[in-house]
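One chain follows as C-alpha cells, the form predicted on its own.
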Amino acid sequence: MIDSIKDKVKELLDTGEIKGFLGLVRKNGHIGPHLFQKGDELVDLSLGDNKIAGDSRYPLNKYLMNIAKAYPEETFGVLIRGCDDRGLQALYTWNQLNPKKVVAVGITCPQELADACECLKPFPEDITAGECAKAGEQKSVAAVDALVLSERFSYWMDEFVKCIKCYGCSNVCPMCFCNECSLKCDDLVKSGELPPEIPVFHHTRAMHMVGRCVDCGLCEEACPSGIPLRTLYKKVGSIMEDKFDFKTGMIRGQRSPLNKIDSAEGKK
C-alpha cells in the first residue's frame, strides 16, 4: 500500500500540482507529521503500524489549516483516512479550508483499527490505496445507554471528576478552530481553577462540538485521565442524527444545522 501512496505523492510533487504533502514520517524510531516537499524525501514516508487506535494518528487536517493560512495561494496534499475525510468535508463547509487548494490522498483503515474506533466508515470516499474494512460494531454508547438514569448520571460524573483540565482534548481536536475558545472563558470555565468545576468543562466542550465532531477519537487518545470522551461525542452525534438526520462530514457539501448562511446578508 505504501508504494502506491509514494508513487501518487511523487507524481503530485514532481508535476507541481501540489506545493507539499502533509503525511507521516518515521525517524529515530518514532512516527510524526511531516511536510514533504520533494519526491526524494518520500523514502521516509510512513503509514504507521495502525494495528490499534492511537498508534500513529495525528490531526493532520489541523496542521493543514495552519499551513494553508500561511500560504493561501498554494495547493497542498494531505494523507487522509475515513475520519480525516469527514473532517475535510466539514472544514470546507465551515470555510476553514478551500477545497480547490487541497488534494487528498486516501488510505483505508485496517479492520483492527475500525473495530477499536467503532468507526461507521473506516475509509475515505476516494481511495488511493487499501481495501475497505467493515464498519466497527457500535458497543460503547449502547452500554452506557443500557444503564438506568441514576446509574448513567453517576457514571459520567465519576468520569468527569477525573479531568485535570490539561486541554489535551481540545488541543488535539482537528475540528477546534475557533479564534476564541469558550473553554478558556473565565465566565464559563474558570481557566486558572484546578481541578475544574464538574461537569462544566466537558459539558461546555460537548455542546460546542455539536455538528462538528467527526468521530476521530483523538481526544480520548490524548486524555491522560482515560475519560471515555469518544463515547460522549458518539452519543451527541447520535442525537444529531436522530433529530436532524445529520452526520458530520458524511455527505459532501452538507452543512451542519448549526452552520447556516443567512442568504440576505451572506453571513453565517
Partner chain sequence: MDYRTVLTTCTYCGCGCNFFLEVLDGKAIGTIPCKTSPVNEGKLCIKGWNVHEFIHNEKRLKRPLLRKNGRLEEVSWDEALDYTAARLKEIKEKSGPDSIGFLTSAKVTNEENYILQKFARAGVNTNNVDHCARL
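Residue numbers count along the first chain shown, from 1. Predicted, not measured: the structure shown is a model, and the values here were computed from it.
The discussion below concerns the form predicted together with its partner chain, not included here.
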item: Candidate stretches 175 to 183, 101 to 109, 68 to 76, 117 to 125 - the one whose heavy atoms come within 4.5 Å of its partner chain in the predicted complex; value: 68 to 76
item: Contact of P33 with its partner chain in the predicted complex (heavy atom, 4.5 Å); value: yes
item: Contact of L232 with its partner chain in the predicted complex (heavy atom, 4.5 Å); value: no
item: I198: touches its partner chain in the predicted complex, heavy atom cutoff 4.5 angstroms; value: no
item: Exercise: G168 in contact with its partner chain in the predicted complex, heavy atom 4.5 Å; value: yes
item: Contact assignment for its partner chain in the predicted complex, among L47, L42, V236, C223, heavy atom within 4.5 Å; value: C223
